[in-house]
Every structure is written in C-alpha cells, then in structure tokens.
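Take a look at this one chain, the form predicted on its own, written out in structure tokens.
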Amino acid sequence: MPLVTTADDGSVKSVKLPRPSNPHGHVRDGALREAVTPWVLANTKHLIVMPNVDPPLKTVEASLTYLGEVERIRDRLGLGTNVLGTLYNHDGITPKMIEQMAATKRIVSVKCYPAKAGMTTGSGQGIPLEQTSDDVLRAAIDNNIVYQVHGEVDTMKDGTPLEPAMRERYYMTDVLPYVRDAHPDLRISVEHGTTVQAVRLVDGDPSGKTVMTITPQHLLFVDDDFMQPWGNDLKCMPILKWPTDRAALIKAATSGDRRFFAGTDTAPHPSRKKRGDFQLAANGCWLPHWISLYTQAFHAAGKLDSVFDDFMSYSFADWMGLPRPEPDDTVLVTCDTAHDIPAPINIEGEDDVVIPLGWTETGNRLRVGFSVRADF
C-alpha cells in the first residue's frame, strides 16, 4: 500500500508509492526530444515510447535506433527507466518482423493509429488493427506481442460521418469486438480509453487479454473544460467526453480491476502549435506532472490505497511480465499547491516552449494540490 501521511485535521500531507510505469508516452524528435525526454523519464519505472515521429518507426532497426537515442539521454541523467519500443502498424509488417521484435525483448508492441490523416498526430501513415492480416496477428499471439490500439474511426461502415465524440464509441461497439472475437488470444491494449463503451469492451473479456490505459486528463476533465483559460492544452485525441464517461473511467480506474492501469499519452508540442484557434491547435497534452494529476484523481475518489499502487505501479508491469519496482524504489508525492504545475520548458535553439497542462502565464492556472520532485 502507498504510505500516506496526514496532518492533525486528517488532510493528506504526502503519498509515497512504488515507482510508477507509463506504457504510453511521446518524446518526439530533435530539439523537442532533448527538451522533454528528461521529464517523461523522470520517476518512471517502465516507459513505452510511441512510434509516430517523422518518419514513423516502421522497422525493427528504426525502433532500436530511436530507443538508443532516448537511452542516451537517460544515461546522461543517470536515470534507471526501462525504455521499451513499438512499431507503427502498417501493411509492411510481416510475421518474420514480429519474430524479430520478440527476439529483441525491447520492442514489445505494435501501435495502431486511425487510418485517416488528421485524426490525431501522425495518423494516416499505416493501417488500423482491423486491417491487419491474420498471419501477422497469429505471429503476435505466438510471440506475445501486444497491439496498442487508438480506437477511433471517423465514419461508420455505411459511410456516415461521425462527430469526434462518437468516434471511439462506434469503434468499441462496431469494429473492435469483431477483431477480438476473431483472435481471442491476441493481447490488446485499448489506449487512452475515454468512453463507457471502451470500459464495457474490456469488462466483456474476462480472459484478461484485453486491457485499457486511462489518462489523468480523462479522469479529471470533461468537454466543458475546454472553456478553461488553458483549454487548448486539454485538446487531445480521443477528445474529452461527457460526465457519464468520466464517471465510468473513474469507477474502472479505482475499482481494483487490474485490466485498467495508468498510461498518460503525454504528447508535447511547441506552444506555437497549441495556441490560437482551438480547432487548429495540435492534439496532445504535455503532462510532466502526470503523477500529481493521478494522485489528485484518486484522492478525490478516496482511493489512495493499494488500488492506487496497482493502477500506477504494478498492473501494467505484471501484465507485460516486467519487473515490479523494488520495495525501496519509490516516488514521494507531496501536498503542495504552490509548486504543483511545472514551468514551461525551453526548446533549445527555438524561440518557443512546451507548456504543461493547466499552466497560464497570467494566472487562472489549474490547481492540482500535489507535486513530485523530478529525479534528475
């Protein structure tokens, strides 16, 4: 259980928990990668880095090279994060490539993006899960490779367009169940699930082969929060949903059901791409304070107990067969409303910064109430 210290009035002063893992993080490329990687690695036991850089990571060799660049930054900082890789799903993946991935023991998953460009950052450069060949999926089953799925489509099967709020709902009821039924042994992680329908899909597979990551932003916010002064920084895909969806996510995350676990989808963009017109703003929340945000959500639910440990630190590692953090490998979260949101991070060589979710220069910032000291 996390070690929770309280004040005389019963309020939480600090929470010590096993070092969490993050199975879904973006560290980008070039100068932006140099700026954000230390923050994504900080206080993290295991990290899966996403493959939608430019060009996407579509080969085993490209993924290993990319991992090497991230590990170079890690080693320079003296951090112990285990960095794991992915391949971008595309029609050039073969069963032999799946076998090569497994042989590395470092590239553990294939990430599936929506087929249409513009639906999210980097989409439209491959194929979705439902278009993946049966022989490749059988190889994934045989080699214990996970498919991490961004589950959205922008049109129904009859061609009817879907509004952003309906895209995941339709995918979870009319697309993914058919893949699930055809390949019951395939290990599927529904990434950054946002809807009642996504929770139900995971609930409907008692085998444990289907799991779901839940982001802190989807536990804390709904679509009305786009009206906040920092609303552009909340824009991510899948889009924030309705109060009923958030309630379902909170219930799943705090239930103790180990098929649901943390996964941030932290996705940095230079501020020039996030500011201005909401519809044109880049998709992605920059979350260097992700542990604080999850703590806030679980504290509000009254679940700073062993369920919090499982969700943050154990369930993903156990599902992937990765080592749990050692008993002395912990992170301390303190009640700290003065320093709960990190400052923007400068991008070297650019007159620009990366702005964390909830920060504004002129005030009106999100109050998180908890902070974590970065370990670099």
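Nothing here was measured: the structure is a model prediction, and the numbers come from that model. Sequential numbering from 1, following the sequence displayed.
Although it is not shown, the form predicted in complex with a small molecule is what the next lines describe.
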Exercise. Thinking of the small molecule in the predicted complex, which stretch from 63-71, 25-33, 343-351, 321-329 has heavy atoms inside 4.5 Å of it?
Worked result: 25-33
Exercise. Can residue 87 be called a contact residue for the small molecule in the predicted complex at 4.5 Å between heavy atoms?
Worked result: no
Exercise. For residue 245, is any heavy atom within 4.5 Å of the small molecule in the predicted complex, or not?
Worked result: no
Exercise. Looking at the partner-bound form in the predicted complex, is residue 195 within 4.5 Å of the small molecule by any heavy atom?
Worked result: no
Problem set entry | Partner proximity in the predicted complex: residue 120 to the small molecule, non-hydrogen atom cutoff 4.5 Å | yes
Exercise. Among the candidate residues 269, 167, 241, 289, which is the single one with a non-hydrogen atom no more than 4.5 Å from the small molecule in the predicted complex?
Worked result: 269
Exercise. Pick from 98, 108, 190, 236: which has a non-hydrogen atom within 4.5 Å of the small molecule in the predicted complex?
Worked result: 236
